[in-house]
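Below you'll find only one chain, the form predicted on its own, shown as structure tokens.
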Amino acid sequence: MEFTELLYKIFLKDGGWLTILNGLRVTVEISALSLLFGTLFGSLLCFFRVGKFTPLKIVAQVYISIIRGSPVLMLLMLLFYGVFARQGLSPELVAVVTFSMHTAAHVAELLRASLMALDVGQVEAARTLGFSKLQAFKLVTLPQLVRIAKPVYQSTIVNLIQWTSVVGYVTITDLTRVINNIASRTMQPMITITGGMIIYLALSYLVYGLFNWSDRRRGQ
């Protein structure tokens, strides 16, 4: 069998490409929602972590330490088969909750490290010039925070996309599970899995490309 015929059999025959697109959609949806909620929750955790209210500071620190040190697959299985087992939540919703929690812990530490790297003198100078705390944060702190955190944040997004490849363990038909099913059906794991890896690489470089485009646009 020629290579082109083999590719047709694996990815096109019997609507294989539609199944792959559907799995890709599930992966992108879970990743996007988890990134949104994880970033919001992570920002709140960072606020608690650097704040002066000791109880919330301790809670945030303990949460971040536990979640960052736990395998994301174990967390997903714990929530799906344990915590939410009798709540009737869909597997996709549990996955979003899991990856949001996991992403939040990483985002919180990322933001905290970025805050520590800021030039405090510029904020103090802005306050001396009569800026309010909100104005100083918006005009001085936030732009620097974004610039410092951006390179690591884009890596966090790529890592999140890769982390979602384990959702098949809780019955979700994502891109990885679709690729595995096609590999089993066609008995061509080498080519099929390589194709799946190429798709994940394309998603990763799409994220990097969007960040690079944003940097060039801001530089113009």
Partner chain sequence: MKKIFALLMVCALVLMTGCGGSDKTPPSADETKLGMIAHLNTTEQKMKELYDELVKKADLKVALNTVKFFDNLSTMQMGLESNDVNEISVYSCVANYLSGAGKYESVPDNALSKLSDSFCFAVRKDDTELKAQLDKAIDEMKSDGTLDKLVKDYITDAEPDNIPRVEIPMIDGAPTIKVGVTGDLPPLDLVLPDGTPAGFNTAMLAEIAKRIGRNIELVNIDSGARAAALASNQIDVIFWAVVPNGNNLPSEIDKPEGVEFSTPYFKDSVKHLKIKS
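Numbering follows the first chain given and starts at 1. Since the model is a prediction, treat every value here as computed from it, not as a measurement.
Below, we refer to the form predicted in complex with its partner chain, which is not included among the displayed structures.
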Self-check item: its partner chain: the contacting residue among Ser65, Thr171, Ser43, Thr54 in the model of the complex [heavy atom, 4.5 Å]
Solution: Thr171
Quiz prompt | in the model of the complex, the one of Val152, Val50, Ile193, Val28 near its partner chain [non-hydrogen atom within 4.5 angstroms] | solution = Ile193
Quiz item: Which one of these stretches, 55 to 63, 180 to 188, 33 to 41, 153 to 161, sits within 4.5 Å of its partner chain in the model of the complex when only heavy atoms are counted?
Solution: 180 to 188
Quiz item: At the 4.5 Å heavy atom threshold, is Val146 in contact with its partner chain in the model of the complex?
Solution: no
Quiz item: in the model of the complex, does Ser204 have a heavy atom within 4.5 Å of its partner chain?
Solution: no
Practice problem: Decide whether Gly209 counts as a contact residue for its partner chain in the model of the complex under a heavy atom distance cut-off of 4.5 Å. | Solution: no
Quiz item: Should Met77 be classed as touching its partner chain in the model of the complex when contacts are defined as heavy atoms within 4.5 Å?
Solution: yes
